[in-house]
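Just the one chain here, the form predicted alone, laid out as structure tokens.
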Amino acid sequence: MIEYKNLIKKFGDRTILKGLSLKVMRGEILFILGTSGTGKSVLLKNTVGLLKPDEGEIWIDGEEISGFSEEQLQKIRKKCGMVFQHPALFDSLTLFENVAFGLRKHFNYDENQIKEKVNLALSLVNLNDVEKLFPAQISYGMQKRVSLARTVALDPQILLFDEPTTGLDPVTTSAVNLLIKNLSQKLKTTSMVVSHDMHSALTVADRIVVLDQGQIVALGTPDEIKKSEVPLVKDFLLEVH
């Protein structure tokens, strides 16, 4: 579904991604782990064209997109739903209007279709009877779920999560992890999750990739990662025990 070939991304004289190559299989949940500043979020932003690589190729669903114009990227962005670290909801809009926002902007649905899609998206993230509430009236964890519903409402083929459980308590973290797993299975999406939470990765991922200094130092299933001898991976695994 997604392939990165020899991806290089620099900011000034700092090289963040150093010739990274990776294939993401259709329908899998891939967790990307690493310490801060190793290029995890930069990789996601390159995927949807928010950043452009300096060298290398990005293939999405059979198309090489690294040289795409803004106009060409719109088609790719419709395939990709991005869930950011912070919910970033519109305070002045109800939760219904927050979820409907992208539907109104990108599609020509009538009001009945919008209502149907919003209600379905909210039910997928286990939120019912909240449409009339405003963001300030619900918890941070619920706001995260609304931002997920807003993304899911657009029927993306690819879901990109940037630190989805940061700032959440363990119970809400487990709930969000379960949501990612269930949504990927129900909607048959390909999911990439940037995280520094090894426990979440071992629970949810089909495969885990560990980045260090802009390069892949480990890649495998949760069982393979548990047996890794890579020092950084061992450090991450210590958090789990």
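Everything numeric here is computed off the predicted structure, so don't read it as measured data. One rule holds for the numbers: they count along the sequence shown, beginning at 1.
Heads up, the form predicted together with a small molecule isn't pictured, but that's what we're talking about next.
Between the small molecule and the residues Ser41, Asn177, Thr190, Thr47, the one pair within 4.5 Å by heavy atoms in the predicted complex involves Ser41. At least one heavy atom of Gln85 is located within 4.5 Å of the small molecule in the predicted complex. Using a 4.5 angstroms limit between non-hydrogen atoms, Ile16 touches the small molecule in the predicted complex. Remark: Glu163 counts among the residues lining the small molecule in the predicted complex, judged by a heavy atom distance of 4.5 Å or less. Of the heavy atoms in Gln215, none are within 4.5 Å of the small molecule in the predicted complex. The chain is drawn here without the small molecule; in the predicted complex, the stretch among 66 to 74, 31 to 39, 178 to 186, 202 to 210 whose residues come within 4.5 Å of it by any heavy atom is 31 to 39.
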